[in-house]
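A single chain, nothing else alongside it, follows as structure tokens in the form predicted on its own.
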Amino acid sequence: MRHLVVVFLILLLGTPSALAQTAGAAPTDPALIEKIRKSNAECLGCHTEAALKAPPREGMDLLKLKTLLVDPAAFERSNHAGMECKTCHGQTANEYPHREGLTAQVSPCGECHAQKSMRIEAQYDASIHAKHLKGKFTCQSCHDPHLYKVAAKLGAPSEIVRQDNAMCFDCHESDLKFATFGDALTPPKRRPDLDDIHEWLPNAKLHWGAVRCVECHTPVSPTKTLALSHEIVGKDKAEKNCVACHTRDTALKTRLYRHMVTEEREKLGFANSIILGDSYVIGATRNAYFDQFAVWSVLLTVAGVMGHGALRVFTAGIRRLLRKS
């Protein structure tokens, strides 16, 4: 049965190389790798900063090209590194001039990420973005396929925060970008000021540099294979309980630091020692030895006070007996 499925996929996709790319696996065949490299080089011959400065063709619309540039180095570090551009942009993408509307006809993410997309769509449908922007908001609205990397590949939590918060700030700190969505609402909505909305949060900018917006603006993911839910919630449902993160059972351990938990080692008795390597979350990095020292200090202090009191009572009784005698 398994072989029949493979044969069916090959027939459907056309070639084994297409099958390998659609399955999300990086190619290992040298010949295929070289074919993809040459194919992508044709695309990147125009869609790079260098080509914008020195156009390889006459009569190119440089203003439009400026909005369609790719950083080859960043792409090679992304999740889609090793994939052929035409896997998503179509086999006719190498024809120039391109047909009208080519840039809008990108293959849906679900063609490769079918199982994950099915789970994400159910979460997204309950999000505030779907509520107001159904049909206008897509995967690419947040996840640039030429740049995005999953948390486990980024490694350092500071890099994860930088990448993921940039996706939020791209709209929510730009009047121009926000307007592309806000103007579609009835009535149109202007971008609210982030500082005003987060006035309740102490050291808001410090938080934005250390944790992701989605730590507070998404519920716990019901799917174990998805580190975060795609149900983005508004300010009325966002997490405002500081103890959710600032505690020994911090939610950050199953969110921002999730990919590092398996590597965690006890370091001098600290709980959540993985957090110590990148930041300091008050209340989440308690030290067992310090806790024991504090408890014993209190107990010894109480015992000392009680012992001193008992000794005073005892000696006072002795002195009374001596005076009577």
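Fair warning: this is a prediction, and the values are worked out from it, not measured in the lab. Numbering starts at 1 and follows the sequence shown.
Absent from the display: the form predicted together with a small molecule. The rest refers to it.
- Although the partner is absent here, K240 sits close enough that one of its heavy atoms falls within 4.5 Å of the small molecule in the model of the complex.
- Looking at A156, you'd find every heavy atom of it more than 4.5 angstroms from the small molecule in the model of the complex.
- By the criterion of a heavy atom within 4.5 Å, P222 is excluded from the residues contacting the small molecule in the model of the complex.
- Interface residue remark: R162 is not counted as part of the site for the small molecule in the model of the complex, having no heavy atom within 4.5 Å.
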